[in-house]
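Here's a solo chain for you in structure tokens, the form predicted on its own.
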């Protein structure tokens, strides 16, 4: 099985070209489109999306992830093997969460042109390098056939929340399509602390809800469209949300905005 994650959208046929290359090499390959709607060039957003889904696939799945604003530059194409999965894509930070959360057994710089399309373009490595490598992997080609071990890889510095006294400082690291603000504060730091006070900008949220439905009106605005709350989302991080609305629009929020939590 090969999953695909890109910022290509489905408008221009780029995704079709990638799938065509895979199927020419391995007609039996099962291809799963996870998303092609990552914001253009948003490598960190792609890394977060990959982190949200990769572990739910069967062991042996090949995850092909390409958001690659540096295509044609000196950035390397890489292949990563963990205990359960294989990852193929550019070495630009897209696998940052994988490095943090998985036990990496091998990292290979992809260099063996035997497994590329003939005369790869300088602008479409997803089609000409990453797709054929993923396809050959699905046929059982050993990973050391594709290149040599990497010494270093690019990783985003994912900021960690800072504890100070009875408070915790974090920040927004991702905003999803619903306008939910996902922070870098993991659920395990909030165990048995559902009565905490969350402060974002000039707004205060009292308590952590268990679901979007449970979010109560906690701000001074009484409009139903401005019900702001906090909960542990499916990514297992604290997130801020408006029930049937957008926390991003309400708060005019951006990635990097600070969040503070006060504990009783």
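This one's a predicted model, so the numbers in the text were calculated from it and none came from an experiment. Positions refer to the first chain, counted from 1.
Another form, the form predicted together with another copy of the chain, is not on view; read the next lines as being about it.
For a residue to qualify, one of its non-hydrogen atoms must sit within 4.5 Å of another copy of the chain in the model of the complex; none of 98, 161 and 167 qualifies. In the model of the complex, another copy of the chain stays beyond 4.5 Å of every heavy atom belonging to residue 201. The closest heavy atom approach of residue 175 to another copy of the chain in the model of the complex falls within 4.5 Å. The closest non-hydrogen atom of residue 38 lies within 4.5 Å of another copy of the chain in the model of the complex. Proximity of residue 210 to another copy of the chain in the model of the complex falls within the 4.5 Å heavy atom cutoff.
From the list 142 to 150, 129 to 137, 108 to 116, 175 to 183, the contact stretch for another copy of the chain in the model of the complex under a 4.5 Å heavy atom rule is 175 to 183. Looking at 17 to 43, the residues that come within 4.5 Å of another copy of the chain in the model of the complex, counting any heavy atom, are 17, 19, 20, 21, 23, 24, 27, 29, 30, 32, 33, 34, 35, 36, 37, 38, 39, 40, 41.
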